[in-house]
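Below you'll find only one chain, the form predicted alone, shown as structure tokens.
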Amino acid sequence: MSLLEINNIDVSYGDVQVIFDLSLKVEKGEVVSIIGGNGAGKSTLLRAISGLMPASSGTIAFHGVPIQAEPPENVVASGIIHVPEGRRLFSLMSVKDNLLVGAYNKRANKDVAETLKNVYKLLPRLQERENQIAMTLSGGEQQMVAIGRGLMGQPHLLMLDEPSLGLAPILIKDIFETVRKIADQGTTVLMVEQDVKHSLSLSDRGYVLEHGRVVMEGKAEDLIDDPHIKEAYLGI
């Protein structure tokens, strides 16, 4: 049984269908990348898994339990944590308070102090900045806060939407190294990312979305070497 299994889902914004008959699996302990161009449906897919956008057909199962009809708060309680594109921090709150917001669900709020300690160990810069107002942080530090907030929810599956978006190259390297550390500590990661080279380099497997459909899937190392991927996404 896969940790996450999606079968034949369709997702629409009103009358406009964005996801078509999409299926994928994520196994426990994997890092899986979803790649594709703008408008491919990548972020919509994460929203559907999170319960923010209901699938009009098909099934989404987590730990073998169907969740496609569950509200977002139940999806979070099940162990799926979604770090959205654009960080979405509370800009006038401190770093520490932003992190604590991530532990509001019943499963996570029993061990807040221990979880915060672990997040600071993984992301020591956040402990140095814990009393600083979020809006005064650099872009890379804000992204670290967003990831740390997600980890405060004690995810079984951490979903990251464009974690490197808008960051300088040196900061992008730090973000992906952090993702690798998270995975090495046992958290399964599903990541949407336009930086195809970096995301596939640290992933176990990948899926390629075009116009709301999966057009390729496979081991990350095979996708990196695929001529279509090289031409369409790596500029080679």
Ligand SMILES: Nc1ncnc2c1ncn2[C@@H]1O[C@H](COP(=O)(O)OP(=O)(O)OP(=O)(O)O)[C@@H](O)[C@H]1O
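Residue indices: 1-based, along the sequence shown. Computed from a predicted structure; not experimentally measured.
Absent from the display: the form predicted in complex with the named molecule. The rest refers to it.
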{"item": "The unique member of Gly186, Pro66, Gly37, Pro169 whose heavy atoms fall within 4.5 Å of the named molecule in the predicted bound form", "value": "Gly37"}
{"item": "Contact residue in the predicted bound form, chosen from Thr178, Ser43, Ser201, Thr59 - any heavy atom within 4.5 Å of the named molecule", "value": "Ser43"}
{"item": "The named molecule contact at Ile9 in the predicted bound form, heavy atom, 4.5 Å", "value": "no"}
{"item": "Proximity of Glu162 to the named molecule in the predicted bound form, heavy atoms at 4.5 Å", "value": "yes"}
{"item": "Exercise: Val18 in contact with the named molecule in the predicted bound form, heavy atom 4.5 Å", "value": "yes"}
{"item": "Distance check, Glu130 to the named molecule in the predicted bound form, heavy atom within 4.5 Å", "value": "no"}
{"item": "Partner-facing stretch of 170-178, 43-51, 24-32, 66-74, counted where any non-hydrogen atom is within 4.5 angstroms of the named molecule in the predicted bound form", "value": "43-51"}
{"item": "Residues from 187-201 in contact with the named molecule (non-hydrogen atom within 4.5 Å) in the predicted bound form", "value": "Gln194"}
